[in-house]
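In structure tokens, one chain follows: the form predicted on its own.
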């Protein structure tokens, strides 16, 4: 394998890993805030791709207008998901009711996009387009050609990670969300509006996945199978350590790189390589790279 191929695989794998990391961060935020494992996270990525397609291709909005409209739409989808699925079931006697409802949401989103946009895959133009070829614009460095779309995906992923870090580590609003997640009753006694913190968590979680879909849309055709990418995000969460945002990010990037290099080594069997590694982690280090091992209670 020459240096050019290796660099291309490195960039492509990191970009894909960033998309998985956006989904994984959303999964971890919901688990830590309200204890819900969202099985529809991948479908929100797919819905985000369709919303971007609808705004950019169907409605032909200019990119500077389309981006804020898409972000607003993603936030609204997060709020609708919270008030229609989580809120009515938050006090359900059956603890798994919300988790099962997320599975139903996954099916409902697939049916919804099929009704609106049809069942056929649809292409979406890259954010930076080569006017001569009509394809994605390339960046050439010392003979190595890299897709700008991959580089933009990496930059967006890094920006999102920094924003989430600043929110939860530096801002008072993030600390309120952490407090409400750890002890809802005490947080309410202190005057923290828990409904707002839960709503903010849903908005951030769903927006992260949807932005990932927006970035993925030009790289892959937009179709309902994009939701299956959440399996890679789950693999990243488990490899990094369940409940640990830093671990989820690193685990997801590791999955993206593994998938990228495996595509050269074993071709179509790259998915098998990822899930064999996941299986090895589950056997030999189930707490993941950054998770804490919980001792059995006496």
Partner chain sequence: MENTKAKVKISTILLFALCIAAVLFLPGQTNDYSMRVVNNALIFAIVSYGLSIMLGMGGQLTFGGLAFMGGGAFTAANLCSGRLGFWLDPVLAILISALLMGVMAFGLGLILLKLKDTYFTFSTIALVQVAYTFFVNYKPLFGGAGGISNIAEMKIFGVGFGNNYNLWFYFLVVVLAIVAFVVERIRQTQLGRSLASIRDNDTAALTLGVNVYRTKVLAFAIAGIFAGLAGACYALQMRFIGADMFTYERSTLFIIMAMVGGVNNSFGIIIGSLVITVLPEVLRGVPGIDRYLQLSYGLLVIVLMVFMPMGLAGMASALSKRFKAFISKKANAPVAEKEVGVHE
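Numbering follows the first chain given and starts at 1. Predicted, not measured: the structure shown is a model, and the values here were computed from it.
Just so you know, the form predicted together with its partner chain exists too; it's not on screen, but the next bit is about it.
Visitor: Name the stretch, out of 63-71, 252-260, 238-246, 50-58, where some heavy atom lies within 4.5 Å of its partner chain in the predicted bound form.
Guide: In short, 238-246.
Visitor: Residue 41 near its partner chain in the predicted bound form, any heavy atom under 4.5 Å?
Guide: Taking the distances in the predicted bound form, the answer for residue 41 is no, it never comes within 4.5 Å of its partner chain.
Visitor: At the 4.5 Å heavy atom threshold, is residue 140 in contact with its partner chain in the predicted bound form?
Guide: Judged by the heavy-atom cut-off of 4.5 Å, residue 140 is well away from its partner chain in the predicted bound form.
Visitor: Contact between residue 110 and its partner chain in the predicted bound form at 4.5 Å, heavy atoms?
Guide: Although its partner chain is absent here, residue 110 would touch it in the predicted bound form, with heavy atoms inside 4.5 Å.
Visitor: Using a 4.5 angstroms cut-off on non-hydrogen atoms, would residue 265 count as touching its partner chain in the predicted bound form?
Guide: Flag for residue 265 set to no.
Visitor: Would you kindly say which of 176, 124, 167, 97 lies with a heavy atom within 4.5 Å of its partner chain in the predicted bound form?
Guide: Contact residue from the list: 97.
Visitor: Would you mind picking the one in 195, 80, 171, 115 that has a heavy atom within 4.5 Å of its partner chain in the predicted bound form?
Guide: In short, 115.
Visitor: Relative to its partner chain in the predicted bound form, which residues of 89-105 have a heavy atom no more than 4.5 Å away?
Guide: Read in sequence order, the residues that approach its partner chain (within 4.5 Å, in the predicted bound form) are 89, 93, 94, 96, 97, 99, 100, 101, 103, 104, 105.
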